[in-house]
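Only one chain comes next, encoded as structure tokens, the form predicted alone.
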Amino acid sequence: MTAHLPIPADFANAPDARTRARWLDADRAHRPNRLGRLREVMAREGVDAYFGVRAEHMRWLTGFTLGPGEKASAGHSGEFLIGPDGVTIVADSRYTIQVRREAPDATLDEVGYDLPGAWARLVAATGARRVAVEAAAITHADWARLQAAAPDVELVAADGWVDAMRAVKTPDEVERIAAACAVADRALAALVPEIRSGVTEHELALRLEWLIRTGGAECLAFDVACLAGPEAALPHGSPGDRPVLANAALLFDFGAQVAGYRSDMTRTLFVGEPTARDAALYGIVATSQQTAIDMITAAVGDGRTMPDGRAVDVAARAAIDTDGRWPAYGHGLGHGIGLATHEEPRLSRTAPETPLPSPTVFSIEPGIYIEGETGVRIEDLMHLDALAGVAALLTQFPRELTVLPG
């Protein structure tokens, strides 16, 4: 059990303007290398151009940003075409000023709202005959329209090319994820004195969002989950008007976004002393998480090849299965994080059997869920850098069982 309740001063302050400016400079410096690596993949795969539609890829490769959820209303604005020598960003009038400001090295093409109508001209300008397309992020209808607009240009599905590159994090990217973790840590610590039985999930979720947004984050990484008692059995539940219950679990799953990069943490707290069963549940989940942490840390310390995400998931799941009293989590053990909340690498039963990449950041989040009764999950982000001998948690809010006054 944690010896003392955390307070905001226990955690790092939000980044200042100079730090944020340094991160922008780092992004600009990285882009030529990122584009060069993508062009190497393009050459190896025999394509002449790469058409990207995902907002996180767009920001990572070009600098142009869309806010959370904005992609749904942006149309084709911000989608980009990378050729052998240049980058073209398409946009309508809503985004042309922003593209020129944030991606000055790219060519802006004001296609308006009709990308298919401009497609033949765009690909002709690159001389492309085979174009890789982010097939998992484009609709079948849009794919068909692009094919019809330039029938002599072959479209090639390109899934995972940029994802694999983005899984390996630079030091400045790790700094931003750590800063987002600190914002989230401070926000939950500030909320702790306000948590008591009777207050509703919705009230606490709204208050936590306010603390995140006013504590150094530009926005949430995703909507706050605050789930009391039996609702904690929902791995992805939403807060409602249900009151916090005495002597029962209260699960928070939330994250902050700082300079584009995200955090993700889950804490299961108890308002009043937990029952013996709930304390046992928490202990087993904590053991499961520590098993995964120890497995990765040992590999780093011994200089061994990193385990793969499937093996780490198996080890963490086995810690729960060996106890035998309750079933292990049905979801994956963890996921990479950065410009998106869920990205590579994956730690799950279906993860590829290849060593975890390095340097990288990923979550470790085992849980046990008992429908209609309770649930426990503990989630932290780990920074892995095998060459530097680093396997460290970026989330700093205490992981021990935390009991708040009832």
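Throughout, we count residues from 1 along the sequence that is shown. This structure is a prediction, so every number in the text was calculated from the model and none was measured.
Just so you know, the form predicted together with another copy of the chain exists too; it's not on screen, but the next bit is about it.
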{"query": "Distance check, A164 to another copy of the chain in the model of the complex, heavy atom within 4.5 Å", "finding": "no"}
{"query": "Another copy of the chain contact in the model of the complex: G69, any heavy atom under 4.5 Å", "finding": "yes"}
{"query": "Partner proximity in the model of the complex: I97 to another copy of the chain, non-hydrogen atom cutoff 4.5 Å", "finding": "yes"}
{"query": "Contact test in the model of the complex: D109 vs another copy of the chain, heavy atoms, 4.5 Å", "finding": "no"}
{"query": "Option from 88-96, 305-313, 253-261, 272-280 whose residues, in the model of the complex, bring a heavy atom within 4.5 Å of another copy of the chain", "finding": "88-96"}
{"query": "Option touching another copy of the chain, based on a heavy atom within 4.5 Å in the model of the complex, out of I138, V199, V300, A286", "finding": "I138"}
{"query": "In the model of the complex, the one of R129, R325, H236, R121 near another copy of the chain [non-hydrogen atom within 4.5 angstroms]", "finding": "H236"}
{"query": "Within 4.5 Å of another copy of the chain in the model of the complex: residues from 314-335 (heavy atom criterion)", "finding": "none"}
